[in-house]
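This text opens with one protein chain seen in two forms, each one given by itself as structure tokens under the names structure 1 and structure 2.
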Structure 1
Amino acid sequence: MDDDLCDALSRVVSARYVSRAKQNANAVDGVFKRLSSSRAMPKEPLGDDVIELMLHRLSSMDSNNFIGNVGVGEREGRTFSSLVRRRCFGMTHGIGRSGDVAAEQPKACGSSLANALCGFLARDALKLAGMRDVGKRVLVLPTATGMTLTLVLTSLKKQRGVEGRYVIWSRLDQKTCVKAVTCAGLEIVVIEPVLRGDQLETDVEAIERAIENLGSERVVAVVTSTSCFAPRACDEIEKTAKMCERLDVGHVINNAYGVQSRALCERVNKAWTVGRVDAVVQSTDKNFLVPVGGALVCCGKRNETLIDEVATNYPGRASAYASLDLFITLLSMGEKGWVRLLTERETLYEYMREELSKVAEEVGERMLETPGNPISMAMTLSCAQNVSPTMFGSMLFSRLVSGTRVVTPGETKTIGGVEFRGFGASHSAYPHTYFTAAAAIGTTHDDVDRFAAILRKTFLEFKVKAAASAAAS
């Protein structure tokens, strides 16, 4: 708010009120300045009003929104629907250019700023979560984890040269992981985790053997995962990193929803300190409470050129939505809000585990011992003897509980040409039927209480059904 404007407005309302208004206008400018220089999340959360003002100012920096603009190109950022226009705040040009998906766009200064600032904030958010040496640059991609893994693997393959053909993967039963590899035009080699107690742990030796068998030059990367459904534990990423370094093989960590766990971030941190980690991929929706559709890629210090390779590998422009969602959200959280969310989740995990343990004891089940999984937990469903365990899941869903996952050993599924015995359990012969629940970021104590209450009722009813079914058979 320059002096001329103040003068003009002072002809309409009192100069001293205008001068106070100017003070706040300067404060809003100050937010932009601080973001640009500190490249870090604001300490305090910003209110929606401030964020919206910032977005409208950014929007007014895109040429399609210039007052009096005449567009005669083939793409002028026009929108037909005002509903659509509103949801992108008039920033219609997307992100990136043909050369780099994070590059600035000449026609869209505001969109470019939002995207660039988002990259800085995302990098800071990862650091605050515990991934301290996150590398020079964090890439915010408008693709969810699966497609992002594909892009990373494609880029890594280019880097590693023509012989690269295989990806070795520590089994984690989600189709997406398999398809991320095949979509990259690579072949997947599945290494099943080993069962120790209740827990499924990385078979590092088997991975090493596989590399040796295939020849390290033909292996583009080992893909490990941090976050996963219990009873699978976080992979032994540190050991794997050391081994990959030793054998000169790429190593990509699928840190899908691991950012929300200090323990997992710490392990990533350690992994890229002690060994080789080429890239770490994380979901924006699962960690940052935004809609599905984005992922963050970072490379630590080990393969700093890879991050640029991924950015330049992306062909053409892309949607700005994921980046803008994250930008808004990180401003809205502020450092304080983000750290509080992380801390609350840690507490929540303990609380959920305690409450579920109580339920388990009451109903004659037990929690599986999975100390290596700080997010997901599993309870046995040993009572499901005469009735289909999946009915238990349906009963929960109809009582408005979503997100539990009932797993029965024994199913076989073929995905991308690979056969998975015991699909769902990440193991071909897991000894228990169980269901999982997650203490994910954003879950509340109230959620846990209501879940536990519904669980009690459901067990009761389920056992009645099971008994009836046993009697009938």
Structure 2
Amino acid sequence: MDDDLCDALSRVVSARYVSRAKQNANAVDGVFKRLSSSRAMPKEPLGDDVIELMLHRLSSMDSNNFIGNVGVGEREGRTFSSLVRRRCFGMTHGIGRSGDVAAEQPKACGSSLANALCGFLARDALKLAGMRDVGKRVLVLPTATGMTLTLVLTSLKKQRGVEGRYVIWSRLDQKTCVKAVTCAGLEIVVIEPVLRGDQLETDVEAIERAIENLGSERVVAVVTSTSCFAPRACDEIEKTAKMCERLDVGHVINNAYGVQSRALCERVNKAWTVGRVDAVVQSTDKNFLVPVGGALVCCGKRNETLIDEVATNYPGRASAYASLDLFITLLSMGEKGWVRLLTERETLYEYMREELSKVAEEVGERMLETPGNPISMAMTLSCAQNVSPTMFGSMLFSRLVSGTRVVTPGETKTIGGVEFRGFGASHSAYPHTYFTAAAAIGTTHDDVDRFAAILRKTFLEFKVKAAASAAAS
């Protein structure tokens, strides 16, 4: 509200009321100024009303919302449904340009501002989570983790040149990981982890042998992972980073849901400090409690060249939904809310493990020892005799428990032309049948208590079914 507007309004209502209204309007402008200058999350969470005012202000900067705008092109931010328009606050032009997904969109100043500010806030959130030496640029993409990994690998392939053909992957049994490589037009070389006790750990020596056998000039990248289903541990990303730097091979870290673990983030920070890391990819929905459809790409200060390459390699402009959802959420959390969520999740992990250990002892099972995994945990299913272990997962799902994963040794699957023995366990001959559960961000103590209660009842019923099956046979 400038002085001329205030003077005009003061002729309609009392000047002192207009003055108070101006103060509030200036307070919203002050939030904008602080975000633009600090390029960090607000210390305190912002209320929904303030965020909506900001979004409407940003929306008014896009050409499709200009008063009297005449759009005669094929893409003018038009919408048929008012529901769709309200859902995106009228920011319908998307982000980026055909040459760079992060470039400013001439028709969408507000959307471009929101996207840029989201990148700054995301960078701050990563730093608070433990990636202290993250580079200046964090790329927010409207693609989930798998397609984002494909974009990263195609960009590395372009840098590597015509000889680049292979991706060496520390095995993690998710189809997405394999498809990300094959979709990039590359061949995957699978390195199985080493079984130590209950835990699956990185075979760094086997990765190095594979590079030497193939020739480093033909290897586009080694792909390691931090967040994974137990009993697999976080990869030895620090040792791998040192090896990749020494052998001049790209290194991509799949940090899909690792941002919520400060222990994993600190390891990522160390990896790109001591060795080579070209890119780190993480999901927005798994870490920041937003809908599926976005990912962050970042790297350390030592090596930021690939981030720009990924931005320019993205074909065309993109949807603004992923960055807009994340922007709103980070403003709603504020620094205090984000740090509180990280701390609560760490506390919840210990609580969940304690409660599940009690259940395991009661039913004659045990928790697998996986100290290298700070998010996921696993319990044996040795009682699954004469009955399919997957029935246990189905029983839990029918009781409204989602997210568990039952793994049975011996299953074989072919993905992208590669055969995986023991698929699901990330190992060809894992010795136990088990199920997993995760202490993920947003999980509550009540969730854990209800899960433990349902688990007890499910074990009792499952054992009855197993006994009946044994008797029938």
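Because the structure is predicted, anything quoted here is derived from the model rather than measured. Numbers follow structure 1, counted from its first residue as 1. Between two forms, the rigid core is the largest collection of C-alphas that superpose within 1.5 Å.
task = Of these two copies of the chain, point out the form predicted on its own.
result = Structure 2 is the matching one, since it is the form predicted on its own.
request  = Determine whether the C-alpha of A15 shifts by 2 Å or more between structures 1 and 2 once the rigid core is superposed.
outcome  = Passes the 2 Å threshold, so yes.
query = Core superposed, what is the CA shift for C6 between structures 1 and 2, in angstrom?
reply = Displacement of the C-alpha, rigid core superposed: 2.4 Å.
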